[in-house]
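Taking the form predicted on its own, here's one chain by itself in structure tokens.
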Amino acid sequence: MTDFDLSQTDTLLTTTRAVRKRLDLERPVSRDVVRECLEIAIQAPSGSNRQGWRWLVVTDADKRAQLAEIYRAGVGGYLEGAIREAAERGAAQDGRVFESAHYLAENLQHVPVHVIPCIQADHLPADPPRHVWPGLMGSIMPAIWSFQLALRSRGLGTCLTTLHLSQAADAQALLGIPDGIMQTALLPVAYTKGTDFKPAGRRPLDEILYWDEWSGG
């Protein structure tokens, strides 16, 4: 047995949700708490222990406003179309997710902290083959998840968004990101309105679990 409180650990892992509408847009977030969570995040493993992650934290109001415009350009008409399609299918949960994402897109400039996790990618060959990407993303995504868990345990929330990446060159120019550094997400960070998050509905494990060989759907 370990010294961890498994009940608290499991609750943290199963209730760290993608938070959009419940982000508190009025409450300030200190640099200290962001730094504290990032100190935890960089304990995550990375491929070959390269530690190629880089973290760009944006709190300047003008730059947040410009990032929000870039984000909305990346969104385009995608979310409106997704909301309509979910309604036509009668997929209520999907519809709520897309409506929440639309709310975030409309209010991103008001979220007090934007965090852009990046990874060094200048060592990649031109047009990398598919097998390269899991290793690169595996060197940043665990750290992003650790950051999200650390935020949740301190009463803050976020969600991993990637919709601005189609306009990544504009964000690069705005923020002075050098060539060879790949943006991987944009995380809106704020305190949450309440902390009573619950596990999400998921497919039964046995529908997606295979032992020794692939079988079924």
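Note that the coordinates shown come from a computational prediction; the quantities given were computed from them, not determined experimentally. Residue positions are given as counts along the sequence shown, with the first one as 1.
If you look for the form predicted in complex with a small molecule, you will not find it shown, but the lines that follow are about it.
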Does any part of Ala200 reach within 4.5 Å of the small molecule in the predicted bound form? Heavy atoms only, please. yes
Check Tyr71 for me: does it contact the small molecule in the predicted bound form (non-hydrogen atoms, 4.5 angstroms)? yes
Spell out, yes or no, whether the shortest heavy atom distance between Gln172 and the small molecule in the predicted bound form is within 4.5 Å. no
Taking heavy atoms only, is Leu104 within 4.5 angstroms of the small molecule in the predicted bound form? yes
The small molecule isn't shown here, but in the predicted bound form which of Leu163, Ala168, Val33, Ile177 has a heavy atom within 4.5 Å of it? Leu163
Please identify the residue among Leu136, Cys118, Val97, Val113 with any heavy atom within 4.5 Å of the small molecule in the predicted bound form. Val97
Would you point out which of 25-33, 40-48, 54-62, 152-160 contains residues with a non-hydrogen atom within 4.5 Å of the small molecule in the predicted bound form? 152-160
